[in-house]
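In the block that follows, a single chain appears as structure tokens, in the form predicted on its own.
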């Protein structure tokens, strides 16, 4: 139904006017003025310095999950920080991994090598850097629990510093990156050893559960969960799932243009037809938000990031990150 993602070699030359639909899991978005793919922390740093030296705008993405890019595209350089190589180095009791590596690839490697602590992340798309920035999690666990320290590049100056786990201020789907910015180039994680057979069994069980409830983005393009789960009502209480709120509000049957709520999970939107646009998606997100507000008196907060220019009403405008000139 949809065009496959663009396969760009690691550390590619600067490409011009590449459709962002080809490098995002939702397979939506117009052209980037420039696109460059880098794999190693040093190459990321050089690319950031290059664009800063020219005083031009830029944005860094990873595997392209959890974002929706404008149909107009982005009038700036897009630095795509991704790598297929899983290289893990043990340093002072922690595993150092580049932020460009796919999270699920890391889990797969850890399971094979008898390293535990990450099986909860089985099947989560995107890169390690993106996962840490948003403190991604599943099944009651989150990536921030494993992090010892993080190497950050300052997007304003290109300076590099290492932040401790405490400085990252991890909370539910939150890290300091959200408020203070920063580009994650490397991550150190403390991970326990575990029996490979048990870890494989755990991973397969979680992958099977994910297949039951979540679409495969390669066959049904999407960007993962649309809204954050609600805050717990008190100490010891569990968060209410945004999907449950949406189901009970009647949002499960909503669609706008070529975008539709996923039939098995009310907190996921899928690209149902090739005519689907990024504007369809943000409009559908707004409809879902309003349903929950109207029926349940609950205001939901999007997890998805919207990059670029969209036609938006005032409430939606707060969800959008303007990028470029």
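Residue numbers count along the first chain shown, from 1. It should be emphasised that the depicted structure is a prediction, and the values quoted were computed from it without experimental measurement.
Absent from the display: the form predicted together with a small molecule. The rest refers to it.
Asks: Only one of 73, 117, 224, 144 has a non-hydrogen atom within 4.5 angstroms of the small molecule in the predicted complex; which is it?
Replies: The residue from 73, 117, 224, 144 that makes the contact is 224.
Asks: Looking at 279, 37, 27, 65 here, can you tell me which has any non-hydrogen atom within 4.5 angstroms of the small molecule in the predicted complex?
Replies: That would be 65.
Asks: Name the stretch: of 106-114, 196-204, 156-164, 183-191, exactly one has residues whose heavy atoms fall within 4.5 Å of the small molecule in the predicted complex.
Replies: Correct option: 183-191.
Asks: Since the partner isn't included here, can you check whether the small molecule sits close to all of 125, 178 and 214 in the predicted complex (heavy atom within 4.5 Å for each)?
Replies: Judged in the predicted complex, 125, 178 and 214 all sit within 4.5 Å of the small molecule.
Asks: Is residue 210 near the small molecule? Define near as a heavy atom within 4.5 Å, in the predicted complex.
Replies: Yes, residue 210 is a contact residue.
Asks: Decide whether residue 61 counts as a contact residue for the small molecule in the predicted complex under a heavy atom distance cut-off of 4.5 Å.
Replies: Contact with the small molecule, yes.
Asks: Would residue 246 count as a contact of the small molecule in the predicted complex, using a 4.5 angstroms cut-off between non-hydrogen atoms?
Replies: Result no; residue 246 lies far from the small molecule in the predicted complex.
Asks: With the cut-off set at 4.5 Å between non-hydrogen atoms, does residue 136 touch the small molecule in the predicted complex?
Replies: Flag for residue 136 set to yes.
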